[in-house]
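Taking the form predicted alone, here's one chain by itself in structure tokens.
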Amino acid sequence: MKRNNILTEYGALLALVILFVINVITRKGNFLQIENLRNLVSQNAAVGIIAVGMTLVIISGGIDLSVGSMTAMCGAAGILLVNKFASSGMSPNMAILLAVLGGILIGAFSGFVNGFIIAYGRVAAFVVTLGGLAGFRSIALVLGNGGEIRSTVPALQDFGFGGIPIPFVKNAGGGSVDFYWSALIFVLVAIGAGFVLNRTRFGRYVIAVGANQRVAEYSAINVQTVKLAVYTILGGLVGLASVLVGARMNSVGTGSVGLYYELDAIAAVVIGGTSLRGGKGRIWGTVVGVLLLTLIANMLTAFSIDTNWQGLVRGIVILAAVLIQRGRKDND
């Protein structure tokens, strides 16, 4: 493989490794503490789950700008469901389970609506999801009366910060270190989506539709069904992520939760090597993109750099990733 091909294919992974090494050298033992590494994985787990779904949408030739507002709407609905179920006498664990399922179903239905209008109404994805960006946020604000919705079930936050003990790993005090549920779900979603994309007929259809929609139609692929499916899957993942966000904070600020999630998700997808033109992408690259953005934000905080610079840094990284993709396209 040529040197420039290695850079375009594995540039994000190489950047992640370089930044990791820089942190190890400059921050010494603090960075390598198991709790810090665990937090790096879980910090943006919700965005990561959304980014996995966004990868499928972008590979199919689409895009979704509504996921941030959808997160607020589904999160608000999830908190309300937990409170309602728990107040009816249901056990906290069952109330949380049903709220998670409810959030997923609401998100999946919202994604279905987006996908239906895009696929069968033949309206540009940018326009449809831009409308969703405004509409879903408005619904969230109505649900919360323009403010915050707080959970009355303490077990919800216990779930948000709960997890499974990491085998053979102890913290400085000798206690076990839990791998948070949010991070574990992110990993499982990424593995599942990677399998679907690379090992199933549906995954091949998604790539074919994004590469050339007309050729896909001539190959007897139901393009509308594929588009509808990827937006529905993304919506379901947004619903799942929204409940995890609400659990971590034990509340949902309807005006603030999910802000810029669409940009973070798209950034992770592009940085990971998925082409905005569609037809090409990889789930593992998106995971690397999420971790890279998380590490950059962590470094800015650790080195006492004003966090307001994060947007500029993120923008530079996105532009660099797009330019690398352009170079790869030209070389192809």
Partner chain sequence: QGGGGGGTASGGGSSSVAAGGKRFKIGVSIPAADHGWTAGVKYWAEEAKKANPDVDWVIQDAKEPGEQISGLENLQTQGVDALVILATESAPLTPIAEKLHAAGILIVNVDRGFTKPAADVFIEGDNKAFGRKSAEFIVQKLGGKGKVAVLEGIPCTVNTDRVNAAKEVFKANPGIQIVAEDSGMWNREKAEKVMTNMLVANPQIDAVWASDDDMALGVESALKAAGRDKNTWILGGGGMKEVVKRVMDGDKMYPGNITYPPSMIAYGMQTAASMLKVGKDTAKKYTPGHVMIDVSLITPENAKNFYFPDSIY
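Numbering follows the first chain given and starts at 1. For clarity, a rigid core is taken as the largest C-alpha set superposing within 1.5 Å between two forms. Predicted, not measured: the structure shown is a model, and the values here were computed from it.
Only in words, not in the display: the form predicted in complex with its partner chain, which the text now covers.
Residues of just one listed stretch (185-193, 104-112, 155-163, 82-90) have heavy atoms within 4.5 Å of its partner chain in the predicted complex: 155-163.
Contact check for N44: a non-hydrogen atom falls within 4.5 Å of its partner chain in the predicted complex. Shown alone here, R282 lies farther than 4.5 Å from its partner chain in the predicted complex, counting heavy atoms only. Heavy atoms of T232 never reach within 4.5 Å of its partner chain in the predicted complex, leaving it off the interface. In the predicted complex, at least one heavy atom of G144 sits within 4.5 Å of a heavy atom of its partner chain.
In the predicted complex, A297, N298 are the residues of 267-298 with at least one heavy atom within 4.5 Å of its partner chain, listed from first to last. Core-aligned CA deviation for D306 between the shown form and the other one: 2 Å or greater.
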